[in-house]
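We begin with a single chain expressed as structure tokens, specifically the form predicted on its own.
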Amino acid sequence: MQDEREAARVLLKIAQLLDSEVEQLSDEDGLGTHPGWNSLAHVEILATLEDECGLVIDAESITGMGTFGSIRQFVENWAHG
């Protein structure tokens, strides 16, 4: 089981990739709705979750991870998993 500190670290890493602060990201922010969130940033976010954070993201999960909120929920479920 992961802990909430690890989830916070993952969300911070996502914010850094977007040149933002976690507090500045809304659940609705996503590909094309946040100034720094383009297709390359989206791929970097998903790759970072897998490579640096050790999360395993299956194809079904990827299709549902288009916003900060959906990614945050995935990370929080992982942290409590």
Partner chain sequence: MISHVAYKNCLPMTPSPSSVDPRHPLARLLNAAEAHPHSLALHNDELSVTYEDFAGRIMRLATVFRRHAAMGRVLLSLEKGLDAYAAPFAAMAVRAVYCPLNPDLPLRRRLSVGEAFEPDVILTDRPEDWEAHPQSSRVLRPDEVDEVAELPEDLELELAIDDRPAYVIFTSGSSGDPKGVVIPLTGLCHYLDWAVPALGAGPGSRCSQHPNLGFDLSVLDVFASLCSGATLIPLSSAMDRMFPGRAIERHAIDTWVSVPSVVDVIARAGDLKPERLRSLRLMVFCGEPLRRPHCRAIFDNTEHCRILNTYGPTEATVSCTVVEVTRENLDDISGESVAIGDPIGDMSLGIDEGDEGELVISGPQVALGYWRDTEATARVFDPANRSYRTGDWVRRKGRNLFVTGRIDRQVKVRGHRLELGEVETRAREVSGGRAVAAFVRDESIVLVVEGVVADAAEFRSALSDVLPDYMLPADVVGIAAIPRTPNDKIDYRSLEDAYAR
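Positions refer to the first chain, counted from 1. We call the rigid core the largest set of C-alpha positions that still match within 1.5 Å between the two forms. It should be emphasised that the depicted structure is a prediction, and the values quoted were computed from it without experimental measurement.
From this point on, the text means the form predicted in complex with its partner chain, which you will not see here.
- Query: So, 49, 71 and 77: all three within 4.5 Å of its partner chain in the predicted bound form by heavy atoms, or not?
  - Reply: Zero of three within 4.5 Å in the predicted bound form.
- Item | 4.5 Å heavy atom contact, residue 21 to its partner chain in the predicted bound form | Answer no; every heavy atom of residue 21 is more than 4.5 Å from its partner chain in the predicted bound form.
- Task: Check whether residue 26 has any heavy atom within 4.5 Å of a heavy atom of its partner chain in the predicted bound form, and answer yes or no.
- Result: Residue 26 lies outside the contact set for its partner chain.
- Examine residue 36 and determine whether its closest non-hydrogen atom to its partner chain in the predicted bound form is within 4.5 angstroms. Yes, residue 36 lies within 4.5 Å of its partner chain in the predicted bound form.
- Message: Check residue 11 for me: does it contact its partner chain in the predicted bound form (non-hydrogen atoms, 4.5 angstroms)?
- Response: Output for residue 11 is no: heavy atoms all beyond 4.5 Å of its partner chain.
- Query: Considering only 21-45, what residues come within 4.5 Å of its partner chain in the predicted bound form, judged by heavy atoms?
  - Reply: Those in contact are 36, 38, 39, 40, 41, 42, 43, 44.
- Superposing on the rigid core, is the CA of residue 58 displaced by 2 Å or more between the shown form and the other one? Yes; residue 58 is a residue whose C-alpha shifts (by 2 Å or more) between the shown form and the other one when the cores are overlaid.
- Sense of CA distance change between residue 62 and residue 32 in the predicted bound form, threshold 3 Å: Compared with the shown chain, residue 62-residue 32 is closer in the predicted bound form.
- Pin down for me whether the residue 73-residue 57 Cα distance shrinks or grows in the predicted bound form relative to this form (closer or farther, change of 3 Å or more). Farther apart, which means the C-alphas of residue 73 and residue 57 are at least 3 Å more distant in the predicted bound form.
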